[in-house]
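Have a look below at one chain only, the form predicted alone, in structure tokens format.
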């Protein structure tokens, strides 16, 4: 006889997939890296907890709201058709309330930590949910620019919380994330080109061409490495950290050029995976440099 599932297990199955834990975790790390890049001591526990909690809730709420709005698209794509909103396991009103509650608590918490920090977190959520998802995603392939801006807000917010102001280093870090977004998302749109076409979502491969998309990926990869290089100078990375960042940046650049010169499914997917590893590694270097 099967034992009845606990309410916690049911809630986890219904709501946990709505926050995209890997994506949320990566963005949370960028926020912490931005804070530590200002040479803020990690033992400043109240501030670190405030940053972690508010950012985690705001990002999770934003992601849940995106999935609530995009539930019709997800249901038409094989890659996302098993998500709880697509299968009906989670009702739309449940997802909406879940996303709103997390977002409101996260933004309110962020504003109590620091007004400017909270305003940047709110801006990131607004760009992500309203501008990118609701307004532009179904209209133009260029919507990823606004998605990239929202993706750069956590690291900028962390830097602002550490320094008390928006400085050029924080902007460089945010630009690094902004330019990294095409490398990550566009390789994804190439790999799942048919899924996006089936859902009638405009992408660069469908709007322009695969070759043009790969060229944009190569250019954005170069710009991302330059932005992180400039930021690392401003942060004051030691030669050991800086040398490692150069090696990682070279790997991203080589893969991007290889994808442009000899396109293949294997190279495209390898670039997609490496781009995530590159972002994680760059942020960890910024984090540990600040300890």
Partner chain sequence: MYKITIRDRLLLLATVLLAAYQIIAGLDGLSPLSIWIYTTGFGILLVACLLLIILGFEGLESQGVVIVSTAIPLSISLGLVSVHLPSCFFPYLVFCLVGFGATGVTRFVLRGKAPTLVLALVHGTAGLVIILLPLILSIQGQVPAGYLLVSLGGGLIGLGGLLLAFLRAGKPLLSQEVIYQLLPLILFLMSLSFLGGFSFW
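Nothing here was measured: the structure is a model prediction, and the numbers come from that model. Positions refer to the first chain, counted from 1.
We do not show the form predicted in complex with its partner chain, though everything after this point is about it.
- Stretch 244-252 is the answer when you ask which of 57-65, 222-230, 244-252, 32-40 has residues with heavy atoms within 4.5 Å of its partner chain in the predicted bound form.
- Although its partner chain is omitted here, in the predicted bound form none of 17, 48 and 53 has a heavy atom within 4.5 Å of it.
- In the predicted bound form, its partner chain lies within 4.5 Å of some heavy atom of residue 240.
- The closest non-hydrogen atom of residue 13 lies beyond 4.5 Å of its partner chain in the predicted bound form.
- Mapping the unseen interface onto this chain, residue 270 counts among the residues with a heavy atom inside 4.5 Å of its partner chain in the predicted bound form.
- In the predicted bound form, its partner chain stays beyond 4.5 Å of every heavy atom belonging to residue 9.
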